[in-house]
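In the form predicted on its own, a lone chain appears below as C-alpha coordinates.
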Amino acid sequence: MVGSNDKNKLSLTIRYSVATLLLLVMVFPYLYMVLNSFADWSQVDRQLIPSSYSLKSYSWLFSGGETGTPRPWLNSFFNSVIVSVGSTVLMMVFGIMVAYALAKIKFRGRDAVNNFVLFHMFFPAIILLIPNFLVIQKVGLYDTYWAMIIPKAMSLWAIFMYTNFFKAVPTTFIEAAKIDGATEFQILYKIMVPMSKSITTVIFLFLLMERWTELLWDMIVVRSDEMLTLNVLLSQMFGPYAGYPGPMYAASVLLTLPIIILFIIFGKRFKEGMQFNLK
(Lines give C-alpha, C1' and ligand atoms only; values in the text may rest on other atoms or scores of the structure.)
Protein backbone atom coordinates (compact mmCIF):
# COMPACT_ATOMS: atom_id res chain seq x y z
CA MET A 1 0.00 0.00 0.00
CA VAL A 2 2.87 2.30 0.88
CA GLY A 3 4.56 1.46 -2.38
CA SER A 4 1.43 2.45 -4.30
CA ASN A 5 1.29 5.82 -2.51
CA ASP A 6 4.96 6.42 -3.25
CA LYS A 7 4.36 5.70 -6.92
CA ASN A 8 1.43 8.12 -7.00
CA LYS A 9 3.51 10.84 -5.33
CA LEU A 10 6.38 10.23 -7.77
CA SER A 11 3.99 10.37 -10.75
CA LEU A 12 2.44 13.58 -9.46
CA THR A 13 5.86 15.12 -8.88
CA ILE A 14 6.96 14.26 -12.42
CA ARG A 15 3.77 15.75 -13.89
CA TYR A 16 4.14 19.00 -11.95
CA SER A 17 7.82 19.20 -12.87
CA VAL A 18 7.13 18.73 -16.58
CA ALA A 19 4.25 21.22 -16.47
CA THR A 20 6.42 23.77 -14.65
CA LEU A 21 9.24 23.29 -17.16
CA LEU A 22 6.90 23.75 -20.13
CA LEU A 23 5.39 26.84 -18.50
CA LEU A 24 8.83 28.36 -18.01
CA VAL A 25 9.75 27.64 -21.63
CA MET A 26 6.61 29.43 -22.82
CA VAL A 27 6.83 32.36 -20.41
CA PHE A 28 10.59 32.96 -20.50
CA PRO A 29 10.66 34.97 -23.80
CA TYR A 30 8.26 37.48 -22.25
CA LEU A 31 10.20 37.54 -18.97
CA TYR A 32 13.38 38.08 -20.97
CA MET A 33 11.79 41.08 -22.67
CA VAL A 34 10.58 42.54 -19.36
CA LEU A 35 13.92 42.03 -17.61
CA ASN A 36 15.84 43.62 -20.47
CA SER A 37 13.46 46.57 -20.53
CA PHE A 38 14.53 47.30 -16.93
CA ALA A 39 18.17 46.30 -17.41
CA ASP A 40 21.01 48.75 -17.42
CA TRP A 41 21.96 49.52 -21.01
CA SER A 42 25.33 47.85 -20.56
CA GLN A 43 23.52 44.61 -19.68
CA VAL A 44 20.83 44.51 -22.40
CA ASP A 45 21.09 41.34 -24.52
CA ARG A 46 24.41 40.46 -22.90
CA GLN A 47 23.12 37.57 -20.79
CA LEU A 48 19.89 35.68 -20.14
CA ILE A 49 19.27 37.41 -16.80
CA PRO A 50 20.74 40.92 -16.44
CA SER A 51 22.75 41.58 -13.29
CA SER A 52 21.97 45.31 -12.94
CA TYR A 53 18.75 47.22 -13.51
CA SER A 54 17.55 50.78 -14.03
CA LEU A 55 14.63 52.77 -15.43
CA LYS A 56 16.77 54.38 -18.10
CA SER A 57 14.97 52.67 -21.00
CA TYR A 58 11.57 53.87 -19.80
CA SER A 59 12.78 57.38 -18.96
CA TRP A 60 14.43 57.58 -22.40
CA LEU A 61 11.21 56.38 -23.99
CA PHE A 62 8.89 58.80 -22.18
CA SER A 63 11.24 61.73 -22.56
CA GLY A 64 11.22 61.26 -26.32
CA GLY A 65 14.68 59.81 -26.80
CA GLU A 66 16.57 61.59 -29.54
CA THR A 67 13.58 63.76 -30.49
CA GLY A 68 13.19 65.34 -27.05
CA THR A 69 9.43 64.84 -27.08
CA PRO A 70 7.24 61.92 -25.87
CA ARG A 71 6.22 61.41 -29.45
CA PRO A 72 6.21 59.20 -31.38
CA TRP A 73 6.01 56.52 -28.68
CA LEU A 74 3.23 57.93 -26.48
CA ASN A 75 1.32 59.28 -29.47
CA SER A 76 1.43 55.87 -31.14
CA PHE A 77 0.32 54.19 -27.91
CA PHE A 78 -2.77 56.42 -27.71
CA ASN A 79 -3.44 55.81 -31.41
CA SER A 80 -3.47 52.09 -30.66
CA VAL A 81 -5.90 52.65 -27.78
CA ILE A 82 -8.28 54.73 -29.91
CA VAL A 83 -8.23 52.35 -32.87
CA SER A 84 -8.46 49.13 -30.83
CA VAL A 85 -11.23 50.29 -28.49
CA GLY A 86 -13.21 51.89 -31.31
CA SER A 87 -13.02 48.81 -33.53
CA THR A 88 -13.78 46.41 -30.68
CA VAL A 89 -16.83 48.35 -29.49
CA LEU A 90 -18.26 48.39 -33.02
CA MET A 91 -17.56 44.69 -33.48
CA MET A 92 -19.34 43.94 -30.20
CA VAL A 93 -22.38 46.10 -30.99
CA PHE A 94 -22.85 44.79 -34.52
CA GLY A 95 -22.11 41.24 -33.42
CA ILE A 96 -24.79 41.32 -30.71
CA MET A 97 -27.41 42.86 -33.00
CA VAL A 98 -26.82 40.52 -35.93
CA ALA A 99 -26.55 37.44 -33.70
CA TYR A 100 -29.83 38.23 -31.95
CA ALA A 101 -31.59 38.55 -35.29
CA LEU A 102 -30.13 35.26 -36.53
CA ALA A 103 -30.92 33.41 -33.30
CA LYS A 104 -34.33 34.73 -32.25
CA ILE A 105 -36.01 36.58 -35.12
CA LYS A 106 -37.60 34.60 -37.93
CA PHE A 107 -37.16 36.21 -41.34
CA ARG A 108 -36.81 35.10 -44.91
CA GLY A 109 -33.26 34.13 -45.82
CA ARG A 110 -32.07 33.62 -42.24
CA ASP A 111 -30.52 30.23 -43.04
CA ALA A 112 -28.73 31.71 -46.04
CA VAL A 113 -27.23 34.47 -43.86
CA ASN A 114 -26.15 31.88 -41.29
CA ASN A 115 -24.47 29.83 -43.99
CA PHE A 116 -22.78 32.94 -45.38
CA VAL A 117 -21.36 33.76 -41.96
CA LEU A 118 -19.99 30.24 -41.58
CA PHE A 119 -18.54 30.26 -45.10
CA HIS A 120 -16.95 33.68 -44.71
CA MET A 121 -15.26 32.65 -41.45
CA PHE A 122 -13.11 30.23 -43.46
CA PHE A 123 -12.51 32.74 -46.26
CA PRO A 124 -8.89 34.06 -46.32
CA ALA A 125 -9.17 37.67 -45.19
CA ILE A 126 -5.98 38.69 -47.00
CA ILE A 127 -7.76 38.23 -50.34
CA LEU A 128 -9.91 41.28 -49.54
CA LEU A 129 -6.94 43.39 -48.48
CA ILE A 130 -6.48 45.22 -51.79
CA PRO A 131 -10.23 45.80 -52.48
CA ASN A 132 -10.67 47.21 -48.97
CA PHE A 133 -7.66 49.47 -49.41
CA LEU A 134 -8.95 50.79 -52.74
CA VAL A 135 -12.36 51.51 -51.19
CA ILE A 136 -10.71 53.41 -48.33
CA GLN A 137 -8.80 55.50 -50.87
CA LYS A 138 -11.87 56.20 -53.01
CA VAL A 139 -13.99 57.45 -50.10
CA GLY A 140 -11.18 59.69 -48.84
CA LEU A 141 -10.49 57.94 -45.52
CA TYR A 142 -6.84 57.14 -46.18
CA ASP A 143 -4.51 58.10 -43.32
CA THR A 144 -7.32 58.61 -40.79
CA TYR A 145 -8.57 56.78 -37.71
CA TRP A 146 -11.65 55.73 -39.67
CA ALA A 147 -9.47 53.90 -42.19
CA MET A 148 -8.24 51.67 -39.38
CA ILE A 149 -11.57 51.36 -37.55
CA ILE A 150 -14.38 50.95 -40.12
CA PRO A 151 -12.98 47.95 -42.10
CA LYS A 152 -12.47 46.17 -38.78
CA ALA A 153 -15.90 47.04 -37.37
CA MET A 154 -17.50 43.66 -38.12
CA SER A 155 -16.43 40.31 -36.70
CA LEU A 156 -18.06 37.19 -38.09
CA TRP A 157 -16.50 35.20 -35.26
CA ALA A 158 -18.31 37.41 -32.72
CA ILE A 159 -21.57 36.94 -34.62
CA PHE A 160 -21.07 33.18 -34.63
CA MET A 161 -20.31 33.04 -30.90
CA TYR A 162 -23.24 35.26 -29.89
CA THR A 163 -25.62 33.40 -32.19
CA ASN A 164 -24.84 30.08 -30.52
CA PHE A 165 -25.25 31.63 -27.08
CA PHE A 166 -28.56 33.34 -27.88
CA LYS A 167 -29.95 30.12 -29.34
CA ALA A 168 -29.45 28.50 -25.93
CA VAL A 169 -31.54 31.18 -24.19
CA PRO A 170 -35.15 29.94 -23.62
CA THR A 171 -37.64 31.62 -25.92
CA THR A 172 -40.08 31.95 -23.02
CA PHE A 173 -38.05 34.91 -21.70
CA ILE A 174 -38.54 36.75 -24.97
CA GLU A 175 -42.22 35.87 -25.23
CA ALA A 176 -42.86 37.09 -21.68
CA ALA A 177 -41.06 40.37 -22.43
CA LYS A 178 -43.11 40.90 -25.59
CA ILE A 179 -46.34 40.34 -23.64
CA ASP A 180 -45.20 43.14 -21.30
CA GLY A 181 -44.77 45.40 -24.33
CA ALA A 182 -41.00 45.27 -24.75
CA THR A 183 -39.54 45.99 -28.19
CA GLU A 184 -36.85 43.89 -29.82
CA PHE A 185 -34.16 46.40 -28.84
CA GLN A 186 -35.36 46.43 -25.23
CA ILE A 187 -35.31 42.64 -25.15
CA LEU A 188 -31.83 42.63 -26.61
CA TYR A 189 -30.20 45.17 -24.29
CA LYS A 190 -32.22 44.55 -21.11
CA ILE A 191 -32.48 40.76 -21.21
CA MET A 192 -30.06 39.15 -23.66
CA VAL A 193 -27.02 41.32 -23.06
CA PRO A 194 -27.09 41.06 -19.22
CA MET A 195 -27.47 37.28 -19.53
CA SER A 196 -24.39 37.07 -21.76
CA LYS A 197 -21.83 38.82 -19.54
CA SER A 198 -19.48 35.85 -19.37
CA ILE A 199 -19.42 35.12 -23.10
CA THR A 200 -19.22 38.86 -23.76
CA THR A 201 -16.02 39.03 -21.69
CA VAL A 202 -14.45 36.23 -23.73
CA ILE A 203 -15.43 37.81 -27.04
CA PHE A 204 -14.35 41.29 -25.93
CA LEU A 205 -10.91 40.16 -24.77
CA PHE A 206 -10.22 38.10 -27.89
CA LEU A 207 -11.40 40.85 -30.24
CA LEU A 208 -9.44 43.53 -28.42
CA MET A 209 -6.30 41.40 -28.37
CA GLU A 210 -6.64 40.62 -32.07
CA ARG A 211 -7.18 44.29 -32.98
CA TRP A 212 -4.48 45.52 -30.60
CA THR A 213 -1.87 43.32 -32.30
CA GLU A 214 -2.98 44.16 -35.87
CA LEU A 215 -0.04 45.22 -38.02
CA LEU A 216 -0.52 44.71 -41.76
CA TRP A 217 -3.73 46.69 -42.24
CA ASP A 218 -2.61 49.60 -40.08
CA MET A 219 0.68 49.71 -41.93
CA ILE A 220 -1.09 49.96 -45.29
CA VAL A 221 -3.74 52.61 -44.58
CA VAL A 222 -1.65 55.20 -42.70
CA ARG A 223 1.15 57.38 -43.99
CA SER A 224 1.85 60.18 -41.52
CA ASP A 225 3.87 59.63 -38.34
CA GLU A 226 1.05 61.18 -36.26
CA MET A 227 -1.33 58.32 -37.20
CA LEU A 228 1.00 55.37 -36.58
CA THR A 229 -0.11 52.75 -34.07
CA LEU A 230 2.45 51.32 -31.67
CA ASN A 231 2.71 48.06 -33.61
CA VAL A 232 3.53 49.86 -36.83
CA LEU A 233 5.96 52.20 -35.09
CA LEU A 234 7.83 49.29 -33.53
CA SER A 235 8.07 47.48 -36.86
CA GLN A 236 9.56 50.59 -38.46
CA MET A 237 11.93 51.41 -35.62
CA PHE A 238 14.00 48.23 -35.61
CA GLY A 239 16.33 49.86 -38.14
CA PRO A 240 16.76 53.43 -36.85
CA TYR A 241 16.59 52.37 -33.19
CA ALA A 242 18.66 49.19 -33.49
CA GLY A 243 21.24 50.82 -31.25
CA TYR A 244 18.65 51.28 -28.49
CA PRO A 245 17.41 47.74 -27.70
CA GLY A 246 16.44 48.68 -24.13
CA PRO A 247 13.82 51.25 -25.17
CA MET A 248 12.59 48.84 -27.84
CA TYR A 249 11.98 46.23 -25.14
CA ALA A 250 10.28 48.87 -23.00
CA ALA A 251 7.95 49.85 -25.86
CA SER A 252 7.14 46.16 -26.42
CA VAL A 253 6.24 45.78 -22.74
CA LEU A 254 3.92 48.79 -23.02
CA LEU A 255 2.30 47.12 -26.02
CA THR A 256 1.48 43.96 -24.04
CA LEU A 257 0.61 45.63 -20.73
CA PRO A 258 -3.05 46.63 -21.46
CA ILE A 259 -3.95 43.09 -22.54
CA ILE A 260 -2.42 41.58 -19.41
CA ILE A 261 -4.22 44.08 -17.16
CA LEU A 262 -7.58 43.32 -18.82
CA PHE A 263 -7.09 39.56 -18.44
CA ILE A 264 -6.32 40.05 -14.75
CA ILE A 265 -9.38 42.25 -14.21
CA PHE A 266 -11.82 40.05 -16.12
CA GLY A 267 -10.17 36.70 -15.37
CA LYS A 268 -13.14 35.23 -13.48
CA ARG A 269 -15.72 36.04 -16.14
CA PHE A 270 -13.31 34.89 -18.83
CA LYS A 271 -13.08 31.45 -17.20
CA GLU A 272 -16.88 31.29 -16.91
CA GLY A 273 -17.27 32.18 -20.57
CA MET A 274 -14.71 29.61 -21.65
CA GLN A 275 -16.48 26.93 -19.62
CA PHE A 276 -19.71 27.73 -21.50
CA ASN A 277 -17.88 27.43 -24.84
CA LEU A 278 -16.52 24.01 -23.91
CA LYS A 279 -19.94 22.61 -22.98
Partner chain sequence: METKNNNKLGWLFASPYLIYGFVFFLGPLIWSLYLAFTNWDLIAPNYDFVGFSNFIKAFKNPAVQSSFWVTYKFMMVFVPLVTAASLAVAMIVQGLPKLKSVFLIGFFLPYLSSGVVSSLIVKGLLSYNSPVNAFLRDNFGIKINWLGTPFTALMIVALIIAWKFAGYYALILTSGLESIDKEVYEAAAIDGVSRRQRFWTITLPLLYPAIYTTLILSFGVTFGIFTEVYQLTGGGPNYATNTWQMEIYNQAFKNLQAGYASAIAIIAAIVTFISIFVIKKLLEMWGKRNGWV
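Note that the structure is a prediction, hence the values are computed from the model and not measured. Residue numbers count along the first chain shown, from 1.
There is also a form predicted together with the partner chain; it is not shown, and the following applies to it.
Colleague: Tell me, yes or no, whether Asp45 is in contact with the partner chain in the model of the complex, where a contact means a heavy atom of each within 4.5 Å.
Modeller: Yes, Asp45 sits close enough to the partner chain in the model of the complex that at least one of its heavy atoms falls within 4.5 Å.
Colleague: Tell me, yes or no, whether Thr144 is in contact with the partner chain in the model of the complex, where a contact means a heavy atom of each within 4.5 Å.
Modeller: No - in the model of the complex, heavy atoms of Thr144 and the partner chain never come within 4.5 Å of each other.
Colleague: With the partner left out of view, is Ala101 within 4.5 angstroms of the partner chain in the model of the complex by any non-hydrogen atom?
Modeller: Looking in the model of the complex, residue contacts with the partner chain include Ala101, since a heavy atom lies within 4.5 Å.
Colleague: Does the partner chain come within 4.5 Å of any heavy atom of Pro151 in the model of the complex?
Modeller: Answer yes; at least one heavy atom of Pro151 falls within 4.5 Å of the partner chain in the model of the complex.
Colleague: Under a 4.5 angstroms heavy atom criterion, identify the one residue in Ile174, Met92, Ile199, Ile136 near the partner chain in the model of the complex.
Modeller: Only one listed residue qualifies here, and that residue is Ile136.
Colleague: Can you tell me which residues in 210-229 come within 4.5 angstroms of the partner chain in the model of the complex, by heavy atoms?
Modeller: Heavy-atom contacts within 4.5 Å come from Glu210, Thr213, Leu215, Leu216, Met219, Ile220.
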